[in-house]
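Listed next as structure tokens is one chain, alone, in the form predicted alone.
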Amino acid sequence: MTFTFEKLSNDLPFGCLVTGLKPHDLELEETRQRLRERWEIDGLVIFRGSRVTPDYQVALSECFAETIIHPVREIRHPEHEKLIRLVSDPQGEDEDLIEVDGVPGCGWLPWHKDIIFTEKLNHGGILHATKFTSTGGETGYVDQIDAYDRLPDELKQRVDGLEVVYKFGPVETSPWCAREAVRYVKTGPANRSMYERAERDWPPVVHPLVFTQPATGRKALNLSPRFAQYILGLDKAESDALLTRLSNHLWDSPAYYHKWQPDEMVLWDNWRMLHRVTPGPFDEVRIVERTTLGGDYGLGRTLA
């Protein structure tokens, strides 16, 4: 065996580092099974120590689940149908420019779960940065199994059985997505296109506020601050107060921030992990490519 496993950090209740894994290692079912077990237990797996290519990224992804075509066509990779490509270039004519707490930057994303604004919540993805910035541009992760475990008992009882309504829209339509003051100075064509078709293509959906990991029986808080609108069945004041309390709890949870280096890949479980991106310099380009792992957990639905 040419690769090793180790805990990502002694200060975190999640995460695993795999070093030296090579494409030929994936030919063994024993290897694939060990990788699946680590993903299930740890929620986040960092891969280092081998050259990353699109074919290897896809092959590694398919050890965990079928790779699917991302439902948002605006971010699909122009050359690899099983990848999406996210480019942050505020100096380009077609890119977004944002200010976070008054500082211009690129590539910022708030805490969220991918495509939770659809009925089907994909199981995860593998991310690879092909170009990264000198500062910022870090990808952050929070584990919602740990977040649920740290809730007081009275709040665990309160949230069990509740459901959250999600809707795609501009960042200002997600009141709980960030503590920072965020302003889009310029919105690029990809986001404009998505906003224009949101009403037609992405009606409001409902997901449970808590779900149980099938293989382990562990409960996870299932809140995506980005795209959350309200808690179904509660009046506005009660819903707003509960979403504020839970979002603050998530923002204060132990987090891992990945500082990108060449030839690294990051796998995360989208059913249990939140992720975000810190803003990079406004005059530098950041490019990341990602697979999308299928396997809907079957708990979402369109709002009736």
Ligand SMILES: O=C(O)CCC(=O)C(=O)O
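Here the structure is a predicted model, which is why all the values come from computation and not from measurement. The first residue of the shown sequence is 1; numbering continues from there.
Below: the form predicted in complex with the named molecule, not depicted.
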is_contact(A198, the named molecule) in the predicted complex, heavy atom dist at most 4.5 Å: no
Non-hydrogen atom contact H112 with the named molecule in the predicted complex at 4.5 angstroms: yes
V18 within 4.5 Å of the named molecule in the predicted complex, heavy atoms: no
V277 within 4.5 Å of the named molecule in the predicted complex, heavy atoms: yes
Option touching the named molecule, based on a heavy atom within 4.5 Å in the predicted complex, out of L127, L209, V142, C106: L127
The single option of V182, A190, V165, L86 touching the named molecule in the predicted complex, heavy atom within 4.5 Å: L86
Per-stretch contact check against the named molecule in the predicted complex, the hit in 228 to 236, 166 to 174, 112 to 120, 148 to 156 (non-hydrogen atom, 4.5 angstroms): 112 to 120
Heavy atom within 4.5 Å of the named molecule in the predicted complex - qualifying residues of 280 to 304: R286, V288, R290
